[in-house]
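Two forms of the same protein chain are encoded below as structure tokens; each is given separately, as structure 1 and structure 2.
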Structure 1
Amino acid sequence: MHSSLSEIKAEVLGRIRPRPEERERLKEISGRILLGAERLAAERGIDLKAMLVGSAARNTWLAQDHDLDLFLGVPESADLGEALEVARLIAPEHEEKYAEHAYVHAKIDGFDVDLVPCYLVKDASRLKSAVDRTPFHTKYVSERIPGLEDEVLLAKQFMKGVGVYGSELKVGGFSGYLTELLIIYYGSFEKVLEAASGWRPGVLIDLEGRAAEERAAYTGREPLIVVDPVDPGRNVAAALTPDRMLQFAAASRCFLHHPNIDFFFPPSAKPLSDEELLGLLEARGSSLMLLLLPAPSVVEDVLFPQLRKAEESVRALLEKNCFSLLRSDVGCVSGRAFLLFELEVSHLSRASRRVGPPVWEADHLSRFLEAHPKPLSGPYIRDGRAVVELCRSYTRPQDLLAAKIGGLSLGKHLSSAIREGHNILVGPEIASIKDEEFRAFLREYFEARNWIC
């Protein structure tokens, strides 16, 4: 047990602060790629400026985090396709991805490198694409972050440890840029935690005081509003979900009351064994249903919104048919996407009740009776309304889902994946999936524990 907060911070920084040789290697590799890009562009008569952006440019990257974001800027009148072609030449073995526009992802000397074309706009009010804003972010933070780099590292690792770091839609948490702005605004890691401990939805942070006229438009729409200092019409925290914000607030409060290094480095979830999985299913007495399908070949920020949309569609179908849900979740492991549903019961009775209109509403009553000409029981009157008891078409959730899945709103890519083939597994059948990452996901699902005190 650590005796003081300062000891915990020192130990954490010893593990997450990049060592000099690691910094030198990043500098050497990024510099070589940048020079190579500008040389290739010059040889082809392309006016291009290559830039290192993101945490690597601001010295706020965590040890062992070997990600490089390199932007290839061209004049506003130029064609982004020229910059994309330079990116392809820099990394012949690459994967082409698409966000707002195409960019190149490659592995170079052990680093994950994104080569992103952008326009060199004169100011952030003249953006031609969303990524054009990033160089302004780098300039803003780089001018204000010196001396606070360790505070950013502590905040990032804390957020990682409590499960709220990452603005990608899979997480819905804090981006690196948002974390840096919080440190700049509050002044230290501890002061961020102190402030966050009292957060509730509707907090507004305006570092430059440039968005007074925007406040009415922001307030109430998002749980945390951090006005982008380089683009006052944008909320830096737009991707942050209410639950992730409050998860961070609760963890901050707990840590300040009871500092512990486990907040930064929680034990990793061990895969559930067959015995543990079957034991949990029996202990809970609920019914677990898994929809398994091939993962579409798209980036996570495209896949996960569709998985969440599909999750809501299936939930609505189940609840409409009287299957009560405890919880649900989605994920993707080893090339397979999945939707997990935990239901309170595995079977419903064959008989179901349908309540109709008040008996004095003659027209509505007539249509109700015509719609149910051969009920199991009824019609009879209860609390002034006509009631009939009908025979359910589906008494098991898996049968309902199998029959109706083709008509659900699942998103373009998931709908195609469903047509390629899918499996519905229930209860102990889920133990047939031996994938360790999936089994670790199940442990986290069943434990479902955040820092709350």
Structure 2
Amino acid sequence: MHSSLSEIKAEVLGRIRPRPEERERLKEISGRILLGAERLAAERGIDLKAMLVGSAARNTWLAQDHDLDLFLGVPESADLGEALEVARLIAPEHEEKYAEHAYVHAKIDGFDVDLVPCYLVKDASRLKSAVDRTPFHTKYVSERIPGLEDEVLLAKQFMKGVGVYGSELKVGGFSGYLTELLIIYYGSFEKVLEAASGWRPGVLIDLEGRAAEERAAYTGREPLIVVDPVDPGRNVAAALTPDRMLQFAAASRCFLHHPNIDFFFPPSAKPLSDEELLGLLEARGSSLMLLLLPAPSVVEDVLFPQLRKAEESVRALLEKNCFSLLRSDVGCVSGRAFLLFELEVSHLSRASRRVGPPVWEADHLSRFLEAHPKPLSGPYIRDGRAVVELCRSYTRPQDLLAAKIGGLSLGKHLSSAIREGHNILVGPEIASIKDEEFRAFLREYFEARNWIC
């Protein structure tokens, strides 16, 4: 079934554009909370300005995406604690969370509401806390986005579909604000895709021509620099990884060549059955090793960097010990974090080479020989150096990992999770994990398909 681009866009918008009743409800509920907050503050003599920010404020939220970001601004000289107190009172049943500062999260009338204290600064470049910038973003976008809301919705849904939406560290993709700026800069969904089709690392987008003011601040290794129009020292795309940027570029090119609604709504990965899993293990002939541990109770933005760091540590351990890797990945499902390693070799010879010093370095040589008094073979001379062949301590990757995991650099929360208990499963043993989300993860792992053409 081939559809034209405009047919596809129309169908997508039909599914993601909030209906009038949803808009009304959001307006009504947010208005009520804002009013309530300012009234509570006034009763307490607190100078506070409540603001709706984020996509709800800009008319760029996707249907059914019931997140409300409400900021409670106090003067720079005031105490954020007063705003936090107001937030607590608005939603008696709430959860307190913590980013740079504490904020309140609550379910109100079916919406996920974040109530975030901030300072009302004069200029976004003179902020006291990272969240202080957000009201400026909302102002900048709100002034320019009217008429382009559908374009933003299409871009967001496209990015979701191809797996690059979200600036959280787990994804490393495009934030909502970044998407809005791209639409403002290029003018439409299609123009963004056309431009992105030609991207390679090193793109600079400077909406207000302010890059020169602060050049030095973002000449790092970021693949895409989008100068924040309200704070030119900041790269709006700082969280975007090079591979996510290129994944978007490649998908854009593909979509423009072969438009298809699947880019927006990819079929969700079905859990892999036992038969499929065992069949894939057989067909790939690789050694799949799973390290399972209890997920530490931290947010994903804390967990995922630690999982990635642990993945790198284990990869380095395996490769240093000649266990050649095909691929690896990490995840977290149903309260369990995991690291998955796929190896090209299931076991190595017991014999292994240990290369010593040049034979003319008499002192080094003596120490080397004393350290290996009974080698399997040697000592012999190769390329001027003394060499011995020794018994490898671990001939299977799982034995190596089990022995060395305690000494790896894994990040604070993962280290204690591993001490609490962990499991290493290899090959068909992995089929003992029946969790559907994990099985769906495995299908995506094995397919490993990005849109590239």
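In this text, the rigid core denotes the largest set of C-alpha atoms whose superposition between the two forms falls within 1.5 Å. None of the values given here were measured: they were computed from a predicted structure. Sequence positions of structure 1, starting at 1, serve as the residue numbers.
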| query | finding |
| --- | --- |
| Identity of the form predicted on its own among structures 1 and 2 | 1 |
| Rigid-body hinge position between structures 1 and 2, taken from E370, L280, E344, P296 | E344 |
| Rotation (degrees) of the lesser rigid unit against the larger between structures 1 and 2 | 12 |
| Per-residue C-alpha deviation between structures 1 and 2 [R354; rigid core superposition; Å] | 2.7 |
